[in-house]
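Heads up, the chain below is alone and in the form predicted on its own; it's given as structure tokens.
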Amino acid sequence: MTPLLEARGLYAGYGGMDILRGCTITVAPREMVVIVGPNGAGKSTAMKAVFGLVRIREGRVIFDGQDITNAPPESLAPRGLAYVPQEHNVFATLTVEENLEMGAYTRRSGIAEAKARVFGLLPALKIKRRQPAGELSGGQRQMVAIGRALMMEPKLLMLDEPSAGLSPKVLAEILEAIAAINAAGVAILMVEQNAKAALAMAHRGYVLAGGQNRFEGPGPELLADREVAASFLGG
């Protein structure tokens, strides 16, 4: 199967220093892929490099058959690529519904239908739709950020640490929602600090260390791998 996303041999970083050193990540249509690894491994940098937020010095990014290497981030959402950062990902003074509408800023039609689909996938948002996003819990705000990204009906949804700072109960709710989005046909590329929970639900996973690929394979197989567990999953 032709990959939906193919990021190969990426060298990228900050201030002239490479954080990524030949990293490669691919995602097939409708696939859920998880990136795990220790702090400083380059996980979030890889996501930002794909989305044009960190300049790629070497390597290529192909999305849906088109070269998007170092493309401006604002050009990617209309192509079907959405990115939800870990922090500062909602408009706090706007209501939930207004946040969703902001996610459809480039759409000329079908906004009501897109909103209905998001409410169907994330029903908690419909209940809170008239409430300012800044008044919501951390988990609810994360749902709003994900819902806003879905308003453009992306082919690939990129999520950077969606469970950061959340309780185990809310973590389970967020991961359940992400699984439902994937089941609806949206490919997922996710960096997740809770590696065990993420790998258990992923079709495939990557373990990064030092900006390079250390392990790759089906999520459950990585989870069961003794070397991966001992080195990266706390035993």
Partner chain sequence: MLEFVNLYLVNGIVLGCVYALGAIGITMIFGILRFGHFAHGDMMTAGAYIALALVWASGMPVLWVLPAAMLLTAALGAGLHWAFYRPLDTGTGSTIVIVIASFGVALMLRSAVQLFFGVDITTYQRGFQTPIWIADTIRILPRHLWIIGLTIALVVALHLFLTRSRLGKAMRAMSDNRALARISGIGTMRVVLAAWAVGGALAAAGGVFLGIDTQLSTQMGWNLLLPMFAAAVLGGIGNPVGAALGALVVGVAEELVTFPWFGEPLLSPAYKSAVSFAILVALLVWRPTGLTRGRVF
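Numbering follows the first chain given and starts at 1. Keep in mind it's a predicted model, so treat the numbers as computed, not measured.
This next part talks about the form predicted in complex with the partner chain, which is not shown.
- Contact with the partner chain, judged by heavy atoms within 4.5 Å in the predicted complex, is confined among 66-74, 182-190, 166-174, 29-37 to 66-74.
- Shown alone here, P162 lies farther than 4.5 Å from the partner chain in the predicted complex, counting heavy atoms only.
- When the partner chain is considered in the predicted complex, P85 lines it closely, a heavy atom lying within 4.5 Å.
- Contact annotation: R108 falls within 4.5 Å of the partner chain in the predicted complex, judged by heavy atom distances.
- Though the partner is left out of this view, F91 does reach within 4.5 Å of the partner chain in the predicted complex, counting heavy atoms only.
- Contacts between 134-165 and the partner chain, taken as any heavy atom within 4.5 Å in the predicted complex, involve only R148.
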